[in-house]
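The data below hold one chain only, encoded as C-alpha cells and taken in the form predicted on its own.
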Amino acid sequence: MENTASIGEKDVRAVGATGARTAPGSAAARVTRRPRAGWLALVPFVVVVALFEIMPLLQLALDSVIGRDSGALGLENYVRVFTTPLYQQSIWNSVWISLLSAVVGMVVAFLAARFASEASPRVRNAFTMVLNMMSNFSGVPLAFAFMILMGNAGVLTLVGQQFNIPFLANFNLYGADGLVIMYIYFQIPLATLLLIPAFAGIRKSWREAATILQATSFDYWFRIAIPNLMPSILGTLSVLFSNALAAYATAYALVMNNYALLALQITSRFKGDVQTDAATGGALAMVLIALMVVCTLVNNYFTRRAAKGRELV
C-alpha cells in the first residue's frame, strides 16, 4: 500500500508539472526526441565550415606570423606589408574603390528600391527578375562585356571617337576608372534587392500623417522615412563594402596584376610564377579580414544607434 501511494504521488507531481503524463512510446515522447536527431543534420554543415573556412583561416593566421626569411614567429610579415609601397597602395586602392562603389551603388539602389516599392505588383516582379539576372552577371563575363562596350576598340569607345564625345573617347577601362564603373555596376542590383524588403516596412499612414501635419517631402524623407530605413541602409552599405573589397574575378579579368589591389596581391603571393610567398600572402589576407571585421563592427555600432533612435521616436 505504501508503494502504491508513493507511485500515485509521483504521478500526481508529474501531471502537475507537465499537465499530462507522457507515455514512453507516445507521440509526444517521440517529438521530444526529434530535436536530438535534428542535430545530426548540422554535421555536414559543421564539417564543411571546419574544412573550408576555419582550417584555412587558421593556416593563414599561422603563415602570417612565421617569418619568410627567419622562419621564427613574429610580426615580420606585417611590417613588410605596411612598409612596402606596393602593398600600401594596394590597401589604399581597395579601400577607396570599395567605399566609393558602395556609396554610389547605395544611392542608385535607394532610388531603385523606392521605385519598386511604389510600383504595381506586376512591374515589381518584372523589376525583381531583372535585378536577379543582373546580380548574377559578374566576374569574368562582366569584364568581357565591358571590354566589348568600353575597351580600346569597344563599341561605345568608337562611337565616342566618331562623334567627339570626350568621356567615351578618352575613357580608360583598364585602370581605376574602369574598376569603379564595373564595381558600381554589380553593386547596384545587390543593394536594390537588399533594400526592397526594407521599403516594404514603411507604412502609408506615415506619409498621410505627415501630409496632414503639412510636412514637406524633404521633412518626410529625412525625418521619418530615412531614419526608419537607416539600419537597413547601414547593413547594406557594409555588405557592399565587403563585397567590393574581396572581389577578385572581375578585377583580375580586367587589369590582371597591372593595378594594385589587395585581393590581386594576395592571389599573386600564393600562385607566383617563380615562387610562392605564403608568409606575405597570409599577412595580406589577415589585413583584408581585419578590414572586413572593422567594417562590420562599425556598421553594428551605428545600426544599434539608429535602431535605438527609431525606438525613441
Partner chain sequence: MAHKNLAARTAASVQRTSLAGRVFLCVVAAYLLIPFLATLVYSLFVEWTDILPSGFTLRNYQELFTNAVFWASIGRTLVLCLVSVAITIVLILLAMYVVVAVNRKVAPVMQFLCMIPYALQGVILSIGIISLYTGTGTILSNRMFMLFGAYTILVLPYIYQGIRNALNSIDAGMLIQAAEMLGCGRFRAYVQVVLPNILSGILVSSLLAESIIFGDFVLANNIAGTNYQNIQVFLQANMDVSSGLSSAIVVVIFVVVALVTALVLKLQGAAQNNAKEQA
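Here the rigid core means the biggest group of C-alpha atoms that line up within 1.5 Å when the two forms are laid on top of each other. Numbering follows the first chain given and starts at 1. As the structure is a prediction and not an experimental result, all values here were calculated from the model.
If you look for the form predicted together with the partner chain, you will not find it shown, but the lines that follow are about it.
Undergrad: Heavy atoms within 4.5 Å of the partner chain in the predicted bound form: which of the stretches 85-93, 71-79, 140-148, 223-231 has them?
TA: Looking at the partner contacts, the answer comes out as 140-148.
Undergrad: Consider I289 of the chain shown here, and say whether it contacts the partner chain in the predicted bound form, taking contact as heavy atoms within 4.5 Å.
TA: Output for I289 is yes: heavy atoms within 4.5 Å of the partner chain.
Undergrad: Against the partner chain in the predicted bound form, would G67 count as a contact residue? Criterion: heavy atoms within 4.5 Å.
TA: No, G67 is distant from the partner.
Undergrad: Can you tell me if F167 lies within 4.5 angstroms of the partner chain in the predicted bound form, counting non-hydrogen atoms only?
TA: Output for F167 is no: heavy atoms all beyond 4.5 Å of the partner chain.
Undergrad: Whether A116 contacts the partner chain in the predicted bound form should be assessed with a 4.5 Å heavy atom distance threshold; does it?
TA: Answer yes; at least one heavy atom of A116 falls within 4.5 Å of the partner chain in the predicted bound form.
Undergrad: In the predicted bound form, does each of V48, V130 and I181 have a heavy atom within 4.5 Å of the partner chain?
TA: Yes: V48, V130 and I181 each sit within 4.5 Å of the partner chain in the predicted bound form.
Undergrad: In the predicted bound form, which residues of 149-180 put a heavy atom within 4.5 Å of the partner chain?
TA: In sequence order, L149, V155, L158, V159, Q162, F163 come within 4.5 Å of the partner.
Undergrad: Superpose on the rigid core, then tell me if the C-alpha of A50 is displaced by 2 angstroms or more between the shown form and the other one.
TA: Comparing the forms between the shown form and the other one, which are aligned on their rigid core, A50 does shift its C-alpha by 2 Å or more.
Undergrad: How does the CA gap of V48 and N132 change in the predicted bound form versus this form, closer or farther, if it moves 3 angstroms or more?
TA: The answer is farther, because the C-alphas of V48 and N132 separate from each other in the predicted bound form by 3 Å or more.
Undergrad: Knowing the shift is 3 Å or more, I'd like to know if the C-alpha atoms of L193 and V298 are closer or farther apart in the predicted bound form than in the shown chain.
TA: The answer is closer, because the C-alphas of L193 and V298 approach each other in the predicted bound form by 3 Å or more.
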